[in-house]
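One chain comes next, on its own, written out as structure tokens in the form predicted alone.
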Amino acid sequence: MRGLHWFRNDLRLRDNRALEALSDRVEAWLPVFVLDTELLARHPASRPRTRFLLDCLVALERDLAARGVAVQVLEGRPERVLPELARSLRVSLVSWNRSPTPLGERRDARVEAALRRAGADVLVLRDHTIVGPDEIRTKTGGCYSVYTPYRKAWWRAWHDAPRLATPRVRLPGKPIGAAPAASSAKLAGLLAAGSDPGGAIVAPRLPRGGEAVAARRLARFLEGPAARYAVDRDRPEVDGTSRLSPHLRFGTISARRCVGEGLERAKAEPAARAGISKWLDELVWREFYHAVLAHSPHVLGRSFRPEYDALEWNDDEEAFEAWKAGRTGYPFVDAGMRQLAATGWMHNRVRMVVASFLTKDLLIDWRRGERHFFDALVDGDPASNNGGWQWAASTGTDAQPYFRIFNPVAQGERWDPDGRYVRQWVPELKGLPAGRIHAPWEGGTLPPGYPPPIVDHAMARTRALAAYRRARQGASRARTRSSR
């Protein structure tokens, strides 16, 4: 039997569930990646996430070439080009790992129907998360909307049946022919599309992609920063996090491998146990947000808590642009937004602060911030991005209470007490002492080129509280009327 494996967000050879299952079913195979023209139009090669994906794909191409296998890179709509390829190669089975998003599920349904019409069977497995959304239920059979009980249930599921990573690469039999040389040239051309004529990358300074890079990053993290993760994870000037989120997003490493190796390290190094345990819980947060999206797909466009759909957002375009540019006059917020623009990544503590500032201080719709992050982040993942934004805006599951509003000055003073993070990303403030770095308008004149605060935090807090109360009261009155 001949087979194809359709690579998507699983750009690795080790511990790839659908690829391993295909290995048990076919004697010959061809790896395929589809450059979806519709998605490329929305996310061109100059976008950070697209560039990182292409870098991961180039690394996968090298890894397969070392094993005598060439990747076939197609361009077009998957529901058209995959059946055509399967028919031309007389392929009986096409495998892929299930999409974790509603949009991806609809696309996959079209692809499956087209392949079956072409006479090919399909093999689809879940791989992006460790535990499936339907595997963890409340006692009444519903889905969890609060993280802590979900976490407890998740770990019970893990201990009852550990989902360990496959320790070695297992590929199907001999390759089917060889991919045309145009495939490699096509990838190189797309990568070059994000460069200027002199070869300098226009996009942000991005991490390298690929399975080997992800494995090295995991090993370095577990051998070093992981031990202090519980302490350092909120300090943006410290390299205390794993930085694996882009790799998990595109599957250059599996969540199973991260959890398995994390548990092994914690067992071998008791002193590192607390830090690693905290990091593992963050991986469970990722699973939680994917479960929320699977059960409540409406969250991609509306608030999880319907009472907040009536929030009266502030349509202040000038303030939104200042926030995007890192020109709000609040150094901790501005440092985060400039880090995002320069690297395609932002420290998680700072993500919470800048999201709170947009939704509470500026009272701008969380969906605008969610979209900007999704476009700008290398690790932009629909489930995690949406979950984080709705948490900050107090509109989602397990949300921060609406009356808890981050003070951008106090957050900077607590998590960047010496101002190292701010000085790195806001060079206008390099000369300020630590006592002024997070409130440069106090105790002297502002440094040249740095703006004053675009909003007074105390006044903005009062405005936000009033807006949230009105939305809640309006929802309460509506429920009362409907119950009469």
Ligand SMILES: Cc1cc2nc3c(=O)[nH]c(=O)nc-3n(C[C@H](O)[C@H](O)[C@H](O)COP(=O)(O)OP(=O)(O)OC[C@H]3O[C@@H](n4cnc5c(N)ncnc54)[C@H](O)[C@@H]3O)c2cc1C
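On a predicted model such as this, the values are computed, not experimentally measured, just so you know. Residues carry their position along the shown sequence, with the first being 1.
Quick note: we don't show the form predicted in complex with the named molecule, though the next part is all about it.
Contact check for residue 348: a non-hydrogen atom falls within 4.5 Å of the named molecule in the predicted complex. Residue contact check for residue 242: one or more of its heavy atoms lie within 4.5 Å of the named molecule in the predicted complex. Using a 4.5 angstroms threshold between heavy atoms, residue 250 stays clear of the named molecule in the predicted complex. For the chain shown alone, residue 352 is a contact residue for the named molecule in the predicted complex, at least one non-hydrogen atom being within 4.5 angstroms.
The stretch from 166-174, 326-334, 409-417, 279-287 that comes within 4.5 Å of the named molecule in the predicted complex, counting heavy atoms only, is 279-287. Residue 384 is the only one of 303, 129, 384, 339 with a heavy atom lying within 4.5 Å of the named molecule in the predicted complex. For the options 210, 380, 344, 262, the residue carrying a heavy atom within 4.5 angstroms of the named molecule in the predicted complex is 380.
Against the named molecule in the predicted complex, the set 144, 154 and 275 makes no contact: no member has a heavy atom within 4.5 Å.
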